[in-house]
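Only one chain comes next, encoded as structure tokens, the form predicted alone.
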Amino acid sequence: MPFPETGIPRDRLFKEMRERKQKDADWRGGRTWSLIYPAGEEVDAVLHEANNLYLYENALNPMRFPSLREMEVEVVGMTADLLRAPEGFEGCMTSGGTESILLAVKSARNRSRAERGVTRPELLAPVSAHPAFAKAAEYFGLELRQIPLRKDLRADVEAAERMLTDETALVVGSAPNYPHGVIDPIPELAALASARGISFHTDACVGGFLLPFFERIGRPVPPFDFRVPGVTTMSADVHKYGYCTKGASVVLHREKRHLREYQLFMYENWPGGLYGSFAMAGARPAAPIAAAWAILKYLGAEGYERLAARIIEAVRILREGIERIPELEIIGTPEASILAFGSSELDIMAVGDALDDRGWCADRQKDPEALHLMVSPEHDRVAESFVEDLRQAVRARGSSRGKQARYN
């Protein structure tokens, strides 16, 4: 497309944008089961105002925009409190779960070099761990070794123990994992790592702002946070179940010195003077920081508990509805907000296509083939209608294979 010679009027510009947007998924109507985490118009209004207030600022230099530094420190502190970080913790905000994971892997690699003399670092992560760990291994020169899963789809601890070597720089567990919604055996994996001086990371990008509130309202949650000995770093996305706009995440270190010694990038060999950054990016958008601070302060624990209760109810309706359809089966025993379901009797991808035709956006998975739902509070309004449409989609299934699987 050639660069425009002249601008176009504002009305025409936004008319075209709105027309294009009509093709996008209807997340406001609760028809989308991933990517967006709607919590209602009241939350949306707070996020909108907070974003607009800091639309143009740059979080690179806290000396120029001290309010952003203050808000980031407070978001990190609130997240650390939620995840039971001990005295002496440290952390920073990032652009999302992938960046938080990248920084945790980089820090673990640098720590293994400095403290244990590792020269060919390895990263042990379950097969179900997020692809961001594979990306981090490629970026930072680690060998990715995948821990197989047990029959319950959690990481196999015995296999992990056999896979540990003197070159292992980091062991990973998910709380929960994205494909199946189950929580890995974090205490056992962290103990294996700790016994050999190896870093351990709990990937709570999905569960970090959800599981603590499940626990607060009386739902049992397996150990996953800094209360578990041996957990050295954690990631938690504010733009998932913290309900912030994209992109806002937090990476936390049990020990402050690990952030400063192994994550921080410092450079002064250029004419611009000392340059330092905890994150991957240089210039950093201010709006996600402001929005994260605003929504955490606005909702508070009581607000998050109410939203968690809505998710639990939506999951109950969906799970019971799926279990009443004989041809379908839930994959694993999900413990949070994620449901994956498949079938040994019919083409589940064709069922997904039939749901697409009814306006629903359910993701596809493989090994085994399944449809995937990430449940948000607003889904409690549509859960029963989804189950009915799913029942109709099963009845209307075709013999042809479904569309090519889409993976997250």
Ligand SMILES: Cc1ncc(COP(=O)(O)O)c(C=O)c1O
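All residue numbers are counted from 1 along the displayed sequence. None of these values were measured; they are calculated from a predicted model.
Below: the form predicted together with the ligand, not depicted.
- Heavy atoms of S107 never reach within 4.5 Å of the ligand in the predicted bound form, leaving it off the interface.
- When the ligand is considered in the predicted bound form, R111 lies well away from it, no heavy atom lying within 4.5 Å.
- In the predicted bound form, the ligand lies farther than 4.5 Å from every heavy atom of A292.
- Within 4.5 Å of any heavy atom of the ligand in the predicted bound form lies no heavy atom of A155.
- Segments offered: 218 to 226, 306 to 314, 327 to 335, 95 to 103. Contacting the ligand in the predicted bound form at heavy atom distances within 4.5 Å is 95 to 103.
- With the partner omitted from this view, the residue of Y178, F89, Y262, F214 that lies near the ligand in the predicted bound form is Y178 [heavy atom within 4.5 Å].
- Residue-level contacts in the predicted bound form: of L142, C205, V75, V171, one residue has a heavy atom within 4.5 Å of the ligand, and it is C205.
- Of the residues in 230 to 264, those that come within 4.5 Å of the ligand in the predicted bound form through at least one heavy atom are, in sequence order, D237, H239, K240.
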